[in-house]
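The form predicted on its own is given below as one chain in C-alpha cells.
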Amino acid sequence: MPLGERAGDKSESRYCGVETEFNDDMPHLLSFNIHGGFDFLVAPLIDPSYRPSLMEQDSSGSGALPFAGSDLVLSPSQWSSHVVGKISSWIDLDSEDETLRKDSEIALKQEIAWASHLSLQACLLPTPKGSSCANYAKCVNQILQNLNSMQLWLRIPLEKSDDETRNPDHMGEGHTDTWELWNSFRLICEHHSQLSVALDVQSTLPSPTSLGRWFGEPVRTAIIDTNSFLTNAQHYPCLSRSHQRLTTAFFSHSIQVVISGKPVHNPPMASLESSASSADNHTEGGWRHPLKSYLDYLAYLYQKMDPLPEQERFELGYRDYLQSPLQPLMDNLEAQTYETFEKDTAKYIQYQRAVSKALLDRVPDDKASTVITVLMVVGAGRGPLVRASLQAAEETGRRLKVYAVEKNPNAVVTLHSLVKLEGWEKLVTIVSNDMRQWDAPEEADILVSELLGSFGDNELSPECLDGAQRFLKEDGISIPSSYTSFIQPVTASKLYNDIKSHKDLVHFETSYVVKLHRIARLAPTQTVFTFIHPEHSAKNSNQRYKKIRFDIPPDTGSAMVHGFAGYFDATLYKDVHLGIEPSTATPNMFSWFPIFFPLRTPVCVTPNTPLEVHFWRCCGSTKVWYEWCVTSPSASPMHNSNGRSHWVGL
C-alpha cells in the first residue's frame, strides 16, 4: 500500500519495499509482507547454500537448481509487480580463489537468467568486494548486452569519503569513497542505461555536498537498515534530522525506499494494540508486521511533505525531457506555443513594472497629459506585451502610442482581432514585418521585446535588437536593457544516456532546453556572456569568448560532469529584473527551462582539481552557434565546431 497520497505526486517513491531472507515458500513470503503493508519484496531467488561446483560433484542430482519455487507459484503480474530479485551475496567475481570466482560467474548468470524468465522489473546486485571490480563489471556488462528491459541495481554503501571506520568487507584498502567504486563499475559497463544504483544508507552520512552527487546518478532505490533508526521518547523508531532530509530528497526524486534488517525497537504494547484496532494498519486479529513501525515512520515523513505547487505539477511531464530550443527567426511559432508563454503572468507583471518605471522617468507628472510616448513592441506575437505596456500607461497616467511589430503573419491576424476587441485602434499600429527590415515612420522612446532564450542570447536577441536599434532615439530606453548568461557543471546521468541512445555525434553537440530534475549541481553558477541595449559602440560585435574555472567543493569528493546547465538573468529596466539563474530566479515563472550543453565524454573531477571550460558564441552570415570544450582536468574534443551539428538561423 502506498506511503500516502501527495497532491500531484504519482511517482514510484510512494511505494516502499522490504528486504527479506531466502524462503522457498514464496507465496507465503509475499502474502506476509504485502499484508504487512509493504508494496514489494527484495528477495533472494536461490538457496544461499547453492554452489555450482558442489552441484557438479553430486552426480545423483536432477540438474534442477534450488530456486525459491517454480515460476508457477506466483502469477506473472505478482512476480513483475511485487518482487525484486536479490542476487546471492556470496558471489565474488574478483576473488583470487578460482573455484569461488568460477562459481560466482555461473551463479550470477543463472540467477539473472531466472529473474529475466520471471519478468522481474529489477535485480539487486551485491556490493563489489575489495578494491577491484573489473571482472564483476565485465560479466555484468556482458549480461546487459542481451538483457530484456530488466534493470540491474548495484548495491553501493553510502559511506563517508573520510570515514576511517569503513566496512572492510565492502571496501578495499585504497577506497574511502564508495562513489568511486560505483564510477569504476559503470565506466566498465559503458554507462549502460539499465545499470542503476541501490544506495545502502548507513547510520552516519557524508556531508550534504557529497550526498548531492548521487541525485545526478541513476539511483533507483535506497536501502535503510533498521540499525540506522534512532529511538524517540515514545520508544518508536525515528531518523536523525540529516537522515530525514535525505529520505525526503529520495521521495522528491522518485527513489524508492527499502527497509532492511530485523526489528531493533520495541514500541509499547498499548500503542500497538490501539494501532491494531485502526482499519489502515494491516492487521488481522491483532497481528502486525514486525517492521510495521518503521514503515509507519516513513509514511509519516512522506505525508508531511508539502504538496507539489501547481507550477511543479504542470512541469512534471517535462522533467529531464530534452527539447531543442526554438528557432524564432527561421520558424513561425504555433498558436499552442504562444498560448503557453502568454499564461506566464509573472513574466508580464515584471514587464509592466519595467514599462511603468520607464514612463515615470521619461515623462514628468506636469507633462503627463500632453506628452505622447512612442513605444515599439518588436516581436509582438499575439499581443501580451502590448497589453502590459498599455496597462502600465493606464497605471501611471501617461499617454502612449504603440507600434506592434511582428513578422509572423498568423500572429498578426490575432493581433488585429485583439486590437479591435479591446478598442485600441487609436492607440496601437500593427506592423506586419521583420523588425530588421522595417523602416519606422518615427523614432521610439521605448523599445520593448521578449526575444530572450534560456541562455539569454540563444534565440538571437542581440541580432534582432541591433537591427531594431536604428529606430530608437539617442536617449531611448530598451526593455530589456541587458542580459547575462550563466553556466554550472552538473552530473546528469539520465540526460547523458538519453543523448547517447541516439548513437551519433550531432546529439552530443546540440544544446537542449530541459526542466532539470535528476541532476547534481556541482559548483555555483558563473557568468558567461553579457549583452547591453542599446549598444552605441561602433566596434560592436556579437561574437564572444569566455574561459571559466570551477572549483568543486573539496568535501564533495570525486564527481562526474556530464555537461553544463545554462541560465540567464536580464535587467528589464533599472531594478526590475527577470531570470532563471537559480539564486535570483523570478518566482512562479515558467516561460524558460534551463539549457543543457552536453559533453561527448563525461569528465571525472577529483577533489582540489579545477574544472576549466571554454565557451564561444560564433556568428556567421546566416547562422549563430556555440562551441565549447573542457581543458582541465583533461582536454575534451571541441563541441559543435563551425556549427556543424547545431545552430540558430538568422
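No experiment lies behind these values; they were computed from the predicted model shown. All residue numbers are counted from 1 along the displayed sequence.
We do not show the form predicted in complex with a further copy of the same chain, though everything after this point is about it.
Peer 1: Name the residue from His117, Lys343, Lys420, Arg549 that puts a heavy atom within 4.5 Å of a further copy of the same chain in the predicted bound form.
Peer 2: Contact check passes for Arg549.
Peer 1: Counting non-hydrogen atoms within 4.5 angstroms of a further copy of the same chain in the predicted bound form, say which of Gln142, Ser242, Gln323, Ser149 makes the cut.
Peer 2: The residue in contact is Gln142.
Peer 1: Can you check whether Asp498 is within 4.5 Å of a further copy of the same chain in the predicted bound form, heavy atom basis?
Peer 2: Taking the distances in the predicted bound form, the answer for Asp498 is no, it never comes within 4.5 Å of a further copy of the same chain.
Peer 1: Answer for Phe32 alone: is it within 4.5 Å of a further copy of the same chain in the predicted bound form, judged on heavy atom distances?
Peer 2: Judged by the heavy-atom cut-off of 4.5 Å, Phe32 is well away from a further copy of the same chain in the predicted bound form.
Peer 1: Pro610 versus a further copy of the same chain, in the predicted bound form: is there a non-hydrogen atom within 4.5 Å?
Peer 2: Yes.
Peer 1: Can you check whether Val506 is within 4.5 Å of a further copy of the same chain in the predicted bound form, heavy atom basis?
Peer 2: It does not: once a further copy of the same chain is placed as it appears in the predicted bound form, Val506 has no heavy atom within 4.5 Å of it.
Peer 1: Is a further copy of the same chain in the predicted bound form close enough to Ala198, Thr530 and Asp569 that every residue in that trio has a heavy atom within 4.5 angstroms of it?
Peer 2: Verified in the predicted bound form; spot residues all out of contact, no.
Peer 1: Just one stretch in 348-356, 371-379, 95-103, 463-471 has heavy atoms within 4.5 Å of a further copy of the same chain in the predicted bound form, so which one is it?
Peer 2: So the stretch in question is 95-103.
Peer 1: For a quick check, can you give me the residues of 631-650 that have a heavy atom within 4.5 Å of a further copy of the same chain in the predicted bound form?
Peer 2: Those in contact are Thr631, Ser632, Ala635, Ser636, Pro637, Met638, Ser641, Asn642, Arg644.
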